[in-house]
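Shown next as structure tokens: one chain only, the form predicted alone.
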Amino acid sequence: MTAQRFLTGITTSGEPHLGNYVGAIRPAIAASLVPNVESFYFLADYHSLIKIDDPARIQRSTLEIAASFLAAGLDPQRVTFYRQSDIPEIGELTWLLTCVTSKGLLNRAHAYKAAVDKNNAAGMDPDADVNAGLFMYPVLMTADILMFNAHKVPVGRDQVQHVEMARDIAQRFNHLYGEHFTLPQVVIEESVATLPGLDGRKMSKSYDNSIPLFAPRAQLQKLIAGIVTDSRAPGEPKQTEGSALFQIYQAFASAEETATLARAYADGISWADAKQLLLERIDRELAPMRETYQALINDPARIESVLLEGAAKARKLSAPFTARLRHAVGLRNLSSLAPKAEAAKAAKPERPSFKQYRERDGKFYFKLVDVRGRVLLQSIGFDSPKEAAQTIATLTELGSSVRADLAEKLTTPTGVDAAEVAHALQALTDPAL
């Protein structure tokens, strides 16, 4: 059974938070342990350049996200774990795909449309502050996916369109240049939560409402204390629906633990006690990883080595595949344009050959001709092409000798002697002649 390839990337735009862990890191590590699956995980540092112009922040984020994956249990030996910018073929493939992608398709990308709509609402130029990186983002993501012919791409619902666009672009390329790309399928993990942040909105560095994944316990406690709740006092029943605190707890707890907290909500647990329960539950899962994470952060050379090893592993696939794609689109070595007839002649000398044909009488004939086209043997007429082909096969197998029963089915034109015929028959199979 052919292994299924799964591919996941995470943008190096800031410090990883609980939402990254629950939505990407933890499910990715779980998926890497599934039998008969090849997992590709990459740090999308090219993508971060679209909206981050702080080089130090990108570098630091790369370190922190790589350390988070490794501290959380990712085994680099089981997967292909690499930094996007260490695979030069990604950039080349992006250009090859750009040349088959319609602008109309990119015009419909959600991120670009949102930027245009925002500018229109403000009475500004539709493309104000929109860089080409944002516009071309779907093509770069397509290159990430297609470079390794991923079968499955786990994403959040906001990224589904990009996988669908990758399929469209792959189909266009395949139509023009042959079947090179697997059409990827989107995988939406319904069980994977999208965590709310401190203010109830989606946890995001952009909203400044996130909880760093490996924050020290004291900082974690302070941040959890700042989660927005309603004004219901201790003893008053509380709603789990819409409660950011409850949703975060649920992402870490078992079904039994979640049910227990839901009952406590109904019984009027104080917000202070609920936040303490959340602190203890998160810390129970993350505390064992925190020390490993800090050790990795303090040893960036070790992480660099892991990423370079992953890149070398990835390039064993990307380099030959890109060479094949270059040839497909016409970026080829010019020596292949040597005249085909001369090349064929140099590679294989001309030999005598059998020519099979049908005459007007409805019968099937063949003749043996030399390299100049002169007829050396002529057959009688056969009732079926199969009989003629079987006689040719027998003559070829016998070589220079012709059995008496076969001679009755053959004639030799005037001027052709038996030695010429014998030599020609032998030359059919003897490479030395």
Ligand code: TRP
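We number the residues from 1 along the sequence you see. Since this is a predicted model, take the numbers as computed values, not measurements.
Separately, the form predicted together with the ligand exists; it is not shown, and the next lines address it.
(request) From the candidate stretches 370 to 378, 63 to 71, 37 to 45, 404 to 412, select the single one in contact with the ligand in the predicted bound form, where contact means a heavy atom within 4.5 Å. (result) Only one stretch qualifies here: 37 to 45.
(message) Check Tyr137 for me: does it contact the ligand in the predicted bound form (non-hydrogen atoms, 4.5 angstroms)?
(response) Output for Tyr137 is yes: heavy atoms within 4.5 Å of the ligand.
(message) Is Ile145 near the ligand? Define near as a heavy atom within 4.5 Å, in the predicted bound form.
(response) So Ile145 counts as contacting the ligand.
(message) How about Leu97 - does it come within 4.5 Å of the ligand in the predicted bound form, if we only consider non-hydrogen atoms?
(response) Contact check for Leu97: no, nothing within 4.5 Å of the ligand in the predicted bound form.
(message) Residue-level contact is defined here as any heavy atom of the residue lying within 4.5 Å of the ligand in the predicted bound form; does Gly23 satisfy this criterion?
(response) It does not: once the ligand is placed as it appears in the predicted bound form, Gly23 has no heavy atom within 4.5 Å of it.
(message) Give me the residue from Asn149, Gln159, Asn174, Gln356 that has a heavy atom within 4.5 Å of the ligand in the predicted bound form.
(response) Going through each option in turn, the one that passes is Gln159.
(message) Please identify the residue among Ala109, Leu245, Ile87, Met141 with any heavy atom within 4.5 Å of the ligand in the predicted bound form.
(response) Flagged contact: Met141.
(message) Is it true that Leu7, Thr11 and Val153, all three, sit within 4.5 Å of the ligand in the predicted bound form, judged by heavy atoms?
(response) Verified in the predicted bound form; spot residues all in contact, yes.
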